[in-house]
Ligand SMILES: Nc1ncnc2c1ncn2[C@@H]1O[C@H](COP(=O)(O)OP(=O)(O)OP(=O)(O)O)[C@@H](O)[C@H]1O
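Take a look at this single chain in C-alpha cells; it is the form predicted alone.
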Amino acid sequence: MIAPLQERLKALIDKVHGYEVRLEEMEFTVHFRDREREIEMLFTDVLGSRGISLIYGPRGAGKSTLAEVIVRGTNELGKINRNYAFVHLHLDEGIIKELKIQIPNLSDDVINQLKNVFNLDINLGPIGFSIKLGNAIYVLAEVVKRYGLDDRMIVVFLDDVDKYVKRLGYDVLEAVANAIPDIIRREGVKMQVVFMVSDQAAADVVNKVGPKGGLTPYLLWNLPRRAFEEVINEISEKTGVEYVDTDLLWNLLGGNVRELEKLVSRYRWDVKTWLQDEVINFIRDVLKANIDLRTFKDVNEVLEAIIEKGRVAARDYGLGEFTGQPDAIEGAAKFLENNVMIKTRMRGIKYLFELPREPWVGSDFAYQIPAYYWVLRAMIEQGRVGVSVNDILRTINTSANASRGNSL
C-alpha cells in the first residue's frame, strides 16, 4: 500500500535533512537545511502534469543541491516514493549511473545508446546541441516504455544549461524547450523536464515556450536568514574561526551559499577584499559595458543616467527617495544580462519560497546578492562610481541604524 503523499513528503524531508552536502570550493560538507516548502511545492505543483517547467533563481541559490538531495532521497526511500523516478541530468554520462540505480537490469545496448546521447561535448554547435538534447529525452522515454515504468512520473532535472546557451545563443534553448513537449506527447510517457537556470536571458527564453509546453516558471531563492546563519556558524566552526559577523554577511550575501563559499575558500573570511574584488570591481565593469561613444563618455555618466531614471521611477511607483531600489532600476544598465539583478515576477510565476522583505528585493526585480545593492546605493548617494569598501560598510550601518530608529 502506498503511503499518502504528505507522509511520503515528510519521510523525504526528514531524509534529506540528515544529509551533508559538499560545498564546491571546500573539502568538507555542511548539513542540508530548510527547503521544506520547496520540496512540498515540487511534488504538489511542479510535478502535477507531464511537460516542461522552469526553476530559476540567483546563481548559488542551491538549485543543483536541491535536485541532488531529492534524487538521492527518493532513491534511498525506494518503494515509499515509487510513483516517481528522478534523474539529475548534468549533460554528461553521470546520468547513466543514476539510471542503473533505478533500473538495475538496463541492457548493454541501452547503456551504450545513453552514453552516446548524454555525452554532450561543450564544442557542439547549436544544431548538434539541439539534436542531442532532444535525443536524450527521446531515449529516456524509450527506456520508460521498455522497462515498464509507465506508471511513474519520470522527472528530469536539466541542469547546467546556461553554460551551453550563452555560447551557442539563446535561440537554441527555445528550440529545445519547444521540441521536448512534442517528444513527451508523441511517446505517450509521464515525464516532466525541469529546466534549471540562473541566467535571466535563459529564463526569459524558456518562458516564451509557456503556452505550448504548459510551462510555469518557479522562482527558487537564496536560503532564509535563520538557515543561512546556521550554515555560516557550521562553516566557521569547521574552519576554526571564532567570531563571524552574521548580520553583516546576511546584508552582503543574503543567503547565497556559493558566494559564502567563495568568501571563505578564496578570501579566508576577508570581507573587505572580497567586497572590493568580487563586488565593487564587478559593478564598475558592468557600468563600463554601457559606455557608448555616442551616448556616454565615462562610467559616471552611466551612473547619472541610472540616477535620473531611478528618481523618476521611484516617484511614479511611490517608492520614496531613490536609493537603488530594484523596482525603480527595473534591470536597466545591463543589470539583468550580467546577472546583477533578476526578475521576481514573470508571466504565470509561482514562488517556491517566500521572498525576504529586504531593500534589495522588490516586487518585480531583485539583486542576485544584496552586496550589489549596497554598492550601487553608495554610488547613488555619493553621486560617483569611485566608492570604497568603507563607503559600502558605512552605507549598510547607516541604513541599519535608521531602520532601528524607525522601529522604536
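Just count from 1 along the sequence shown to find any residue number. From a predicted model like this one, the values you see are computed outputs, not experimental measurements.
Absent from the display: the form predicted together with this ligand. The rest refers to it.
From the list 374-382, 54-62, 359-367, 343-351, the contact stretch for this ligand in the predicted bound form under a 4.5 Å heavy atom rule is 54-62. Although the partner is absent here, residue 229 sits far enough away that none of its heavy atoms falls within 4.5 Å of this ligand in the predicted bound form. Although the partner is absent from this view, residue 198 contacts this ligand in the predicted bound form, with a non-hydrogen atom inside 4.5 angstroms.
None of the heavy atoms of residue 39 is located within 4.5 Å of this ligand in the predicted bound form. Although the partner is absent here, residue 223 sits close enough that one of its heavy atoms falls within 4.5 Å of this ligand in the predicted bound form.
Residue in contact with this ligand in the predicted bound form (any heavy atom within 4.5 Å), chosen from 13, 389, 396, 21: 21. Proximity to this ligand in the predicted bound form, defined as a heavy atom within 4.5 Å, holds among 301, 278, 327, 261 only for 261.
Although this ligand is not shown here, in the predicted bound form the stretch 6-39 places heavy atoms of 21, 22, 23, 24, 30, 31, 32, 33, 35 within 4.5 Å of it, in sequence order.
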